[in-house]
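Form predicted on its own, single chain, as structure tokens, below.
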């Protein structure tokens, strides 16, 4: 039965896409509100200035002496002034300025083209205001009405929109941080659950394997003994002889039983230490003859002084398994390179061969017990390696594999680290 997620995608991807869409929508909405708040505030100021201009013009028409303007007050009005064509102030909220001339030319378009000129400017006190210059008709003459409006109420709209943007983006950022944290927490919980499931499965397998191994060992020893006796009786020591084949297969089964017992055995935490370079040298010496027979060049770049936690004999078994796997991957010759270095409180051993590589679909299962790509393999070698290395507090992993070769990495904690 096909997994439905293969057609419609992973639920996590759908959830991520929905989160990105909603975040983008909220961000766009907040930014759009802020963009609209600026012209809205300016439009409010413009509408207010038009209303006040109409009111002032009405008063100026009713009272050409402009005396009625002295009581014209609103809380949004900073000041108002009426100017003639030369910029002379005919009326001003501050009576002491009447008769003076304004230094700027912002009122000129009122007389030249009869248009209203409005915009923000700054007073000498430093306050920013909204100033409009518009024409006013009174007693047959045209005057320029200058209104200066406080902008704090309009600016409050902009500040509120800016605050809303800040709040929305702060909440989105917090939500994403919490989402990433929860996602990583769920990944760790899932990895822990899988590890506990794996250990439980291995424990059950260990109990069953130990019982089977013990039951097989005794009759197997008898079969091997009788086959060897038959060889001696017949005087035929050829491995192609039926008795010789029985002995060879018995020895293979015996190795399988021994590997199974090693795999299911509960190992105590290591209390000893080993000079890892010496372990590697011994392991390389043990495969030297086989490597020479297969025309395989072996090179080693080893740091001598590194001392790691672990049993030397068990670590030797790890590297012998890895080296023999490398030799089996190069039946037509090649090269095997071993490198030992120190990195962040650990000894890192890289084992690289030029063999045929491991199929990509098998990468995730190379350390799973009883999984092997060889016809006569047991699938326990790398599983045992992983168990020994992890028992030492280290890590073993397949770094890379292709048609040009395979690289394994073993990391072992240094003593005192």
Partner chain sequence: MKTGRCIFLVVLLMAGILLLPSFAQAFWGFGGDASRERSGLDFDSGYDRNTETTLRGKVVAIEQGEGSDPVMIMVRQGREEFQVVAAPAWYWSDGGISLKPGDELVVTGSKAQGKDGKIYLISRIISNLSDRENVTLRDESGKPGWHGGTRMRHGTAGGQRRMGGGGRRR
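None of the values given here were measured: they were computed from a predicted structure. Positions refer to the first chain, counted from 1.
Not on display, but discussed next: the form predicted together with the partner chain.
For the partner chain in the predicted complex, the listed stretch (340-348, 149-157, 110-118, 288-296) containing residues with heavy atoms inside 4.5 Å is 149-157.
Here is the short version: of 142, 123, 171, 196, the single residue with a heavy atom within 4.5 Å of the partner chain in the predicted complex is 123. Checked against the partner chain in the predicted complex, the residues 248, 165, 320, 90 give one hit for a heavy atom within 4.5 Å, which is 165. Looking at residue 127, you'd find a heavy atom of it within 4.5 angstroms of the partner chain in the predicted complex. The closest heavy atom approach of residue 105 to the partner chain in the predicted complex falls outside 4.5 Å. Within 4.5 Å of any heavy atom of the partner chain in the predicted complex lies no heavy atom of residue 221. By the criterion of a heavy atom within 4.5 Å, residue 78 is counted among the residues contacting the partner chain in the predicted complex. Residues 169, 173, 176, 177, 180, 181, 184 are the ones in 168-184 with at least one heavy atom within 4.5 Å of the partner chain in the predicted complex, listed in sequence order.
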